[in-house]
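Only one chain is included here, represented as structure tokens and corresponding to the form predicted on its own.
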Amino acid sequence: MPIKEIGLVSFRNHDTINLEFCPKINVIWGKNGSGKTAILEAIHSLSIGRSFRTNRKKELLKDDKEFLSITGKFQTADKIQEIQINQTKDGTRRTFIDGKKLESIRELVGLNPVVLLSPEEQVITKGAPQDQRNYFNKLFSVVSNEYFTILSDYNRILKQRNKLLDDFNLTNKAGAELDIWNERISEIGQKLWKKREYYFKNFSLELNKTVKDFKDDKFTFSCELVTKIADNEKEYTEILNKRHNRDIYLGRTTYGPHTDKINFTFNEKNIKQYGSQGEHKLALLLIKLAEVRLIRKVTKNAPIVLLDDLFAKLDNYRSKQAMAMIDNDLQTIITTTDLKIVEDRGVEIDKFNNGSFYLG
């Protein structure tokens, strides 16, 4: 669903700003520090309920202001949908859709999906296994509310089991309680694994198509989910029982979907270990193009594409290929410090129809 308007109050370095977007390509340009990325951050927050730059809500509030507000209007099939996020100085946040307060973030995720390409996303290929799991958990939650629900339940049970392990005192009562949590986490963990495996296979297919369509036969790129999925809940529980002493010693659960790893292979080598800077940039671009395809395939909705200073990260050839692969019917919002760079990459500025904004 394209975004038509956004309004910010006391968000990052913006006092008050309102922008209207066109349904295709939009460019936000200006000096470093002018608040370009903050606009994308706000759109991202309206899509999934949180920033892509920080987990600390207080960082979003301008100076010593008492509250911030983000308001976005999205074009649905038959109406304009308004989403608003209000946050106070102490971090308390309330989210509304058409004036109705949401009881859970689950009601927001997936409504207006976005695909973000920014420097912060480079942790997908460069970061720790947790960073890669976070990326795929977010993506699969966007395309499937059921996945989001199962993941939320799993994380809640995992947290409770880990607390029991950390406080374990070797009493019979504690042992019996651990058996109960083993059964619960085995049931929900097995469900999560099956859903993750299903969506990961679909993502891999879209990534393979993206690599094939990228007009360059000089490289290969693929991904693999490295996991030890139990055949059934009984086997899952048995494995947890075998790890009983180890888990108690470490104070945490050492088996389950939260330990999965994802390997990205560029030219048959692990990109995290052997990839060059250029290979990491190209790999991230391919991942994001595949993300667009997966969202469209599963949800039948077109995501909003957010490109944060993309053209400063890719060479001319790669940039033009990237833009050529982004469908004309996708709303795309680009930030840049130099409009000429955007024009040189094949984007026609004079056809924006009020889709170009300068932030001084």
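We number the residues from 1 along the sequence you see. As the structure is a prediction and not an experimental result, all values here were calculated from the model.
One more form of this protein should be noted, the form predicted together with a small molecule, which is absent from this view; the next part is about it.
Which pick from 314, 27, 48, 61 sits with a heavy atom within 4.5 Å of the small molecule in the predicted complex? The residue in contact is 61.
Does residue 12 make contact with the small molecule in the predicted complex, using a 4.5 Å heavy atom cut-off? So residue 12 counts as contacting the small molecule.
Does residue 38 reach the small molecule in the predicted complex, with heavy atoms at most 4.5 Å apart? Within the cut-off, so yes.
Within 4.5 Å, heavy atoms only: does residue 53 come near the small molecule in the predicted complex? Result yes; residue 53 sits at the interface with the small molecule in the predicted complex.
Please check if residue 332 has a heavy atom lying within 4.5 Å of any heavy atom of the small molecule in the predicted complex. Judged by the heavy-atom cut-off of 4.5 Å, residue 332 is well away from the small molecule in the predicted complex.
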